[in-house]
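The chain below stands alone, shown as structure tokens; this is the form predicted alone.
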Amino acid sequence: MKSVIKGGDAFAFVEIELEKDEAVIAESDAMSSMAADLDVQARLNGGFFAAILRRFLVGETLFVNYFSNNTVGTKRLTLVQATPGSVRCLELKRETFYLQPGAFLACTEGVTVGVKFAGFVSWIAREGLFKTVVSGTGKVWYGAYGALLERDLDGETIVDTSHLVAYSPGISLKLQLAGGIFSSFFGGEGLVTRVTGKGKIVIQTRSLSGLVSWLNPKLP
């Protein structure tokens, strides 16, 4: 299987070439185009109860599409996310990674997608009360609004609320004021997330909540 991400940070999309007997599992609204002789089946996302949890706790679709190549040639599939922004490919090797709600786009067979309680700190930080858990061996495509910045963390860093997209299991989140009380609220930053531990984190440069806050005063 070959895949390439195109379109830049603003309008990224994934082109996947499926060889014979290869398959990709994608969110139900992710397919932009595909070869006419690819087979596609709608399936519950990880079984009935897992699908219900992912639908109502992390906002993913109830059904996923299973794209498989049962021909003898190479077939192309193009996937896109719902919002403008960047997409990344994560290679899992018997590993686990956490994604914010709505970030999951697609994965290969061998990857399990589940749900885990993220904690009230994550909820207050506008990262979601629950998080998507991807584990196993294979490729995972995920994305978010804006560009995505990958950081290898060994210690602490500060991330603005609603900007943390993904992180390793060794990472913990703490909520705090951006500075003093006066600076935090009158400087516009308010609460921020102190990210602590060792592992990888992925940050989005824009947030939908920030876009909404910018648009609302301008609407009639």
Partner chain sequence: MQIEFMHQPGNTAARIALRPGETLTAEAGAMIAMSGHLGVSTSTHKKGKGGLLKAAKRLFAGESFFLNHFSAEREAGEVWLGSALAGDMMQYELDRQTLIVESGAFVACAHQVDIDVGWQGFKNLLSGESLFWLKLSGQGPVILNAFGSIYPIEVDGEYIVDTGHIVAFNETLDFSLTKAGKSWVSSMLGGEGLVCKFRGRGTVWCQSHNPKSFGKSFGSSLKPRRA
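Numbering follows the first chain given and starts at 1. Note that this is a predicted model, so its numbers are computed, not measured.
Unshown form predicted together with the partner chain; subsequent notes refer to it.
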Tell me, yes or no, whether L208 is in contact with the partner chain in the predicted bound form, where a contact means a heavy atom of each within 4.5 Å.
yes
For L148, is any heavy atom within 4.5 Å of the partner chain in the predicted bound form, or not?
no
Should V195 be classed as touching the partner chain in the predicted bound form when contacts are defined as heavy atoms within 4.5 Å?
no
At the 4.5 Å heavy atom threshold, is T108 in contact with the partner chain in the predicted bound form?
no
One stretch from 130-138, 73-81, 108-116, 89-97 that, in the predicted bound form, holds residues within 4.5 Å of the partner chain by heavy atom
73-81
Exactly one residue in L153, L191, L173, A35 has a non-hydrogen atom within 4.5 Å of the partner chain in the predicted bound form; which is it?
A35
Along 11-28, which positions have a non-hydrogen atom within 4.5 Å of the partner chain in the predicted bound form?
F11, A12, F13, S28
